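What follows is a single chain, given as structure tokens, in the form predicted on its own.
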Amino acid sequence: MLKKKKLVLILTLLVFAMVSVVGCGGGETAEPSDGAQSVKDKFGGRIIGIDPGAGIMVASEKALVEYDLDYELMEGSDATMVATLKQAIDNNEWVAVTGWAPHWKFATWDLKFLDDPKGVYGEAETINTIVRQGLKEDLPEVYEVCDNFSWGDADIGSAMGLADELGDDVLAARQWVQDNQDLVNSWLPEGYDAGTLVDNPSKEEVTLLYVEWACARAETNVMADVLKNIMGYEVEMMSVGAAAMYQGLAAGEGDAFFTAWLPVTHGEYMNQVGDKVEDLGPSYEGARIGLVVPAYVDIDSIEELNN
């Protein structure tokens, strides 16, 4: 009888042990709920970047260190970054990208910058219009329209978005000017109207310098359209590097550019040319770089990437 009781006890313990193991095993193999995922898991442990060596990539590498982020910074291009962002948004997934404003993606999707309490990405900047010394005396109308040029997020965002959609910067600028005549009229000197075009531009040639950024192409092509098709000036556009843009203007090899990110991003270039150029002030307020996520992502700071 005693042996039978021992046997029953052993069998009972074995059954209990098996149930316990199966219970634990089920907990380990079940898919974790969305609420159990870490922030890093939701982002796939990646931050989608652009070209290696770009200023924003250098700042992002620093951010990984400063915020102790165990993330992989993916190299690519502006196009691949935007494609990844679009795919994630289409699927309502979390994604973090290196971003800057102005950029047409802000006019296309509801996005936000993550707060940067350590200031790794710097403060918000302005985009200023810079002209050569003597432009006011030589071409006062050109100087005036450059001085009046100013627009906001929706304006530059739509101009960049249109250029991306049409795949032609010149055609996009012409359409944008047609669609925004009230704003353009606020830039024009007295006697001009955005709805009245010049058939054959024949006034002095104006040379505009720019760098190959989407915002710079949009700004420069819009202003080239205004100067050429509305005011009747011959216009030459020259694509150069950022340093050459400042040095060229200081040497009188151009008349104006509309892409001075100040006071930080282009601060050193501006210091080098000093009073050889004239700063007409901001055409756009609130330019910035940083990490960007869709608005539906429920974190607001780079620090929260570690949650």
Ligand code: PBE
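Each form is matched to the other, and the largest set of C-alpha atoms that superpose within 1.5 Å is called the rigid core. Position 1 is the first residue in the sequence shown; the rest follow in order. Here the structure is a predicted model, which is why all the values come from computation and not from measurement.
The following text describes the form predicted together with 1,1-dimethyl-prolinium (PBE), which does not appear among the structures shown.
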Have a look at V277, A256, A63, I50 for me and say which one sits with a heavy atom within 4.5 Å of 1,1-dimethyl-prolinium (PBE) in the model of the complex.
I50
Which residue, V222, A163, V145, C215, has a heavy atom that falls within 4.5 Å of 1,1-dimethyl-prolinium (PBE) in the model of the complex?
C215
Based on heavy atom distances of at most 4.5 Å to 1,1-dimethyl-prolinium (PBE) in the model of the complex, which listed stretch, 66-74, 38-46, 278-286, 52-60, is the contact stretch?
52-60
With the partner left out here, check for me: in the model of the complex, does some heavy atom of W100 sit within 4.5 Å of 1,1-dimethyl-prolinium (PBE)?
yes
How about T265: is it within 4.5 Å of 1,1-dimethyl-prolinium (PBE) in the model of the complex, going by heavy atoms?
yes
C-alpha of G254: shift of 2 angstroms or more between the shown form and the other one, rigid core aligned?
no
After the core is matched up, is the C-alpha of P201 off by 2 Å or more between the shown form and the other one?
no
Quick one: D153 and F106 C-alpha atoms, closer or farther in the model of the complex compared with this form (3 angstroms or more)?
farther
Shift in CA distance, I56 and N271, in the model of the complex relative to the form shown here, given it is 3 Å or more:
closer
